[in-house]
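First, one chain by itself: the form predicted alone, in structure tokens.
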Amino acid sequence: MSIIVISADDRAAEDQIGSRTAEITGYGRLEYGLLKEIAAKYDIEEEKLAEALEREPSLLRGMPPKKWYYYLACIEAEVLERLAADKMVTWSLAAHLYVLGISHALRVRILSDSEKMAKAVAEENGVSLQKARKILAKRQRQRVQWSQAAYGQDETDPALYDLVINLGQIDPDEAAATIAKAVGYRKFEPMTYSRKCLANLLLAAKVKTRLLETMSDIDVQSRDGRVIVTTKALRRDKQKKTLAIKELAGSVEGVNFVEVHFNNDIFKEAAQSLR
């Protein structure tokens, strides 16, 4: 069966429609509650995982980039592991930004009624509608910055989604019913190729998680057990890092071959040569 990935510009709407869609389809659900299990598995504070999904890294908040990428990788690996079972609805875990190229995944974007949101923010914060609109605009800019920093994607770009629903004209129950109907289209039936694509994403995510425990500047791709890792290192450290990567990546179940590539940082190389 298929996968449904829901993203929204409002957490409450995302939760409501995600839950209702799961009820209608009978699919399993993956949402914020999964963070507790991930925290226990990787011995990470649940609050840190939640923060990584909301904010960019910050040394002032005790969230250095290296930790931030590691936390996101842990979430990605666990979500993909569960999505491999199919018949799942997921939201609030950023899956819309990393479940890419999977033809049996229906990706949905929910747009809330902007005026209703502005009125709610105005009432909650005791400010004017004009000020509330500015608050919402700032939140959207921050989300765009976060999604681009985390996955190189603008999550507000409609081209990322198969279906965009505006709640200004459709109520949440109708939206959920529309999603449930759309996922039944033949286009979203699992095929051997799309299942393999998901398996490749999952293996890459597992390897990335393993490597990011101790390394940084890591990009991983996989295909049928063959893993390609791209990273950075000074010339003198390349052999040592290659061996370390191959040892760690090779210990992940399903990996048959590891290939390592380097993106040279010529400025660091030059600085090192002058020492």
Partner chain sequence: MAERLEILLLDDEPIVGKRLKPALEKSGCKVEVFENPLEAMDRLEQKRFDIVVTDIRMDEMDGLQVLERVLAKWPQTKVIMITGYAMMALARESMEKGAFDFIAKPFRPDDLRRVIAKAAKALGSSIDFNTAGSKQS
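Because the structure is a prediction, the values reported are computed rather than measured. Positions refer to the first chain, counted from 1.
This protein has a second form, the form predicted together with the partner chain, left out of what is shown; the following refers to that one.
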{"item": "In the model of the complex, Glu189 touching the partner chain (heavy atom, 4.5 Å)", "value": "yes"}
{"item": "Ile102, heavy atom within 4.5 angstroms of the partner chain in the model of the complex", "value": "yes"}
{"item": "4.5 Å heavy atom contact, Lys196 and the partner chain in the model of the complex", "value": "yes"}
{"item": "Touches the partner chain in the model of the complex: Lys36 (any heavy atom, 4.5 Å)", "value": "no"}
{"item": "Contact residue in the model of the complex, from Lys240, Arg223, Arg61, Arg55 (heavy atom within 4.5 Å of the partner chain)", "value": "Arg223"}
{"item": "Heavy atom within 4.5 Å of the partner chain in the model of the complex - the one residue of Asp162, Asp113, Glu155, Asp86 that qualifies", "value": "Asp162"}
{"item": "Stretch in contact, per heavy atom within 4.5 angstroms of the partner chain in the model of the complex, of 102-110, 201-209, 115-123, 168-176", "value": "102-110"}
